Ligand code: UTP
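One chain comes next, on its own, written as structure tokens: the form predicted on its own.
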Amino acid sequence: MKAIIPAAGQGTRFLPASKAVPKEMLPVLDKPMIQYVVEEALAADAREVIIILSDDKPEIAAHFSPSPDLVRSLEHKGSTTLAQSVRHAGALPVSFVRQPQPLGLGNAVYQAEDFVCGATEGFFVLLGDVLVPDNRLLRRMREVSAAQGNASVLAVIRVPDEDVSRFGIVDVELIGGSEQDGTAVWQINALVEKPLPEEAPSNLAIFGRYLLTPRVMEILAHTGPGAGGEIQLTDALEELLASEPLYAIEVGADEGLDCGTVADWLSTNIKLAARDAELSKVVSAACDRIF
């Protein structure tokens, strides 16, 4: 199974910082957010990760390229832990595909069509601005897919009603598990991209983790512009529902971490720092001084 990470967007919510540094390269603790996403895919046994880039984001490709001179310099200084971290990032099995124009998420995913063409198994799509640090979600999605005849599975998360217009929202019915203990499995009846709050069928938002069948690529080949004038992956999934079932599982509030806005990115850094034995002391001391 392969994994696709679209990372060609302009990151406008992070301007002016994202003018010079791609949003996906902003640090979450000690490494860029996109490295968490690559490592998550590989932890779920993805054989290869394909990152979709625009021409003005060479920094991402550079990060995942070997840096032997830097490694030697760090080792010479005795910084063996840093040298290993740089070597690790440069050795990850990552390929790159260019998206010539920013035509939307659906178009970005379609740029990897040659990588999954002819495949009989599904593929992952992971958005680069949401993190699942415990690396368990994709495996759960594979289990549900296998139990449902290798069908497509989406991850969803509950969002406040006033935020539904930021996301793709699903209309679902429970078919297994329990909402109370986080084991719920839903069958999706419909998807709506960025609906008005009064028109949203639920407050379950697509979280940025997809396990999709190859049929999706066939649909994206002819999917036209949708919301915002862009080619939306949600529209292709809506068409998929006409021929294949589609399922969803929920991401817990503490399991999935959003980095899509400056506030969310800051919150993610604080949450992960609080889980670290040493950094939690820094967070606690800072909070004591502020409050």
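Keep in mind that this is a model prediction, so the values were computed, not measured. In case it trips you up, residue 1 is the first one in the sequence shown, and so on.
Quick note: we don't show the form predicted in complex with uridine 5'-triphosphate (UTP), though the next part is all about it.
* **4.5 angstroms heavy atom contact with uridine 5'-triphosphate (UTP) in the predicted bound form for residue 197** => Looking in the predicted bound form, residue contacts with uridine 5'-triphosphate (UTP) do not include residue 197, since no heavy atom lies within 4.5 Å.
* Are any of the heavy atoms in residue 10 no more than 4.5 Å from a heavy atom of uridine 5'-triphosphate (UTP) in the predicted bound form? -> Yes - in the predicted bound form, heavy atoms of residue 10 and uridine 5'-triphosphate (UTP) come within 4.5 Å of each other.
* **Contact test in the predicted bound form: residue 99 vs uridine 5'-triphosphate (UTP), heavy atoms, 4.5 Å** => Residue 99: yes, in contact with uridine 5'-triphosphate (UTP) in the predicted bound form.
* **residue 104, heavy atom within 4.5 angstroms of uridine 5'-triphosphate (UTP) in the predicted bound form** => Yes, residue 104 sits close enough to uridine 5'-triphosphate (UTP) in the predicted bound form that at least one of its heavy atoms falls within 4.5 Å.
* Asked: Which of these stretches, 22 to 30, 38 to 46, 245 to 253, 220 to 228, has heavy atoms within 4.5 Å of uridine 5'-triphosphate (UTP) in the predicted bound form?
  -> Stretch 22 to 30 is the one.
* To do: Name the single residue among 131, 191, 141, 108 that comes within 4.5 Å of uridine 5'-triphosphate (UTP) in the predicted bound form, judging by heavy atoms.
  => Selected residue: 108.
* To do: Identify which of 216, 127, 169, 211 has a heavy atom within 4.5 Å of uridine 5'-triphosphate (UTP) in the predicted bound form; exactly one of them does.
  => It is 127.
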